[in-house]
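The chain below stands alone, shown as structure tokens; this is the form predicted on its own.
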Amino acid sequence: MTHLGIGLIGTGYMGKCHALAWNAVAPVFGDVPRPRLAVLAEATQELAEKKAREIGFERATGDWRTLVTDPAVDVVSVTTPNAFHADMAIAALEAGKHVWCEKPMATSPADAERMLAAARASGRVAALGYNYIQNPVIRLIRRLLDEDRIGTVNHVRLEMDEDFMADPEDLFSWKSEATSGYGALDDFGVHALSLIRVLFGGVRRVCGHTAKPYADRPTREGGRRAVETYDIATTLIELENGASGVIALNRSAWGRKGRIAVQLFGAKGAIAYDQERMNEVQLYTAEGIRETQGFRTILAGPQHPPYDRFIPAPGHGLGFNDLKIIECRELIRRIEGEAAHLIEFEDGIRIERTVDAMARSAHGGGWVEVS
């Protein structure tokens, strides 16, 4: 293995998360050389230099284009707002770099297709930032399904709720601009679809509805601006394996703080998971005396890899940033030519096409096949 040179574009919420992962992956896993934090790019040279000092990058630039062509950079982390993903990822791939791009892949189907074409032409690894699939508990659910613990799954329900846009008087932000995408569908829905992707394979057709709880929001200048995206979305789905399902999304759900609720119903039992309690899963198996049947709670522990790389004792729990470190290790594994637990552009495009089908269904009504 080689010491990968890292380029980071953007240092907001997810940029810091990527930086923490690149810094921690070697000491946590112990089986990879420490990546070299080569170049950091931000909107201005001054901000880039400040963040480079804080995070530990060797150099800083106010022009992301110089980063993607820098010979010291092997992998580019793209953690900017959604509208910039396509141009940055494509430029990095065309420059011969591997890409780790935050979700969603792009804000339009056309841009996502361009990104996929660039990835195929480059021959480089192009991965998307779906760290929720890295949770050891999600891997356990996959194993329970493989072991047929709940029988054939016939119905799936996924809900994703947060309240960061619940207050109607919060200031207008880029998440309410049409340039950011559809809204809850590609901000939240892609996460739900990533879980479906790793657990079941994908979605065949959809029937959706979207809603705007608030017509406008105040601006910093004192006026109000019309909201252009949809903060609520509900979609009936049919999985590729024939099972039915529902995906419900809400960015304005008071009291919810990062909830992804997954319920899987099978012929012999059920599985329930809620990310607000992200280190546990509930399993119901229809076995034994009916009067004593019930859900049992399984707590994550070192017996659920790679939890053991972080903590030697069960029940202490991993967090959001830990999942990103796991994802970083999977990315390095893939770059080294090994099989990896990732959603690359080849899988990500299916998620983007599903989101587009959901949006078209919500606009036109009725069932829409996922192309």
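All values derive from a computational prediction rather than experimental measurement. For the two forms, the rigid core is made up of the largest set of C-alpha atoms that agree within 1.5 Å on superposition. In case it trips you up, residue 1 is the first one in the sequence shown, and so on.
Missing here is the form predicted in complex with another copy of the chain; even so, the following discussion is about that form.
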Another copy of the chain in the predicted bound form: within 4.5 Å of a heavy atom of each of 113, 133 and 197?
-> no
Name the stretch: of 95-103, 80-88, 221-229, 261-269, exactly one has residues whose heavy atoms fall within 4.5 Å of another copy of the chain in the predicted bound form.
-> 261-269
Ok, 137, 145, 118, 166: which has a heavy atom sitting within 4.5 Å of another copy of the chain in the predicted bound form?
-> 166
Quick one: is residue 176 in contact with another copy of the chain in the predicted bound form, heavy atoms, 4.5 Å cut-off?
-> no
Contact of residue 128 with another copy of the chain in the predicted bound form (heavy atom, 4.5 Å) | no
Answer with yes or no whether residue 337 is in contact with another copy of the chain in the predicted bound form, where contact means some heavy atom within 4.5 Å.
-> no
With a 4.5 Å heavy atom cut-off, would you call residue 45 a contact of another copy of the chain in the predicted bound form?
-> no
Looking at another copy of the chain in the predicted bound form, which residues in 286-304 have at least one heavy atom within 4.5 Å of it?
-> 286, 289, 290, 291, 292, 293, 294, 295, 296, 297, 298, 299, 303, 304
Does the distance between the two CA positions of residue 168 reach 2 Å or more between the shown form and the other one, the core being superposed?
-> yes
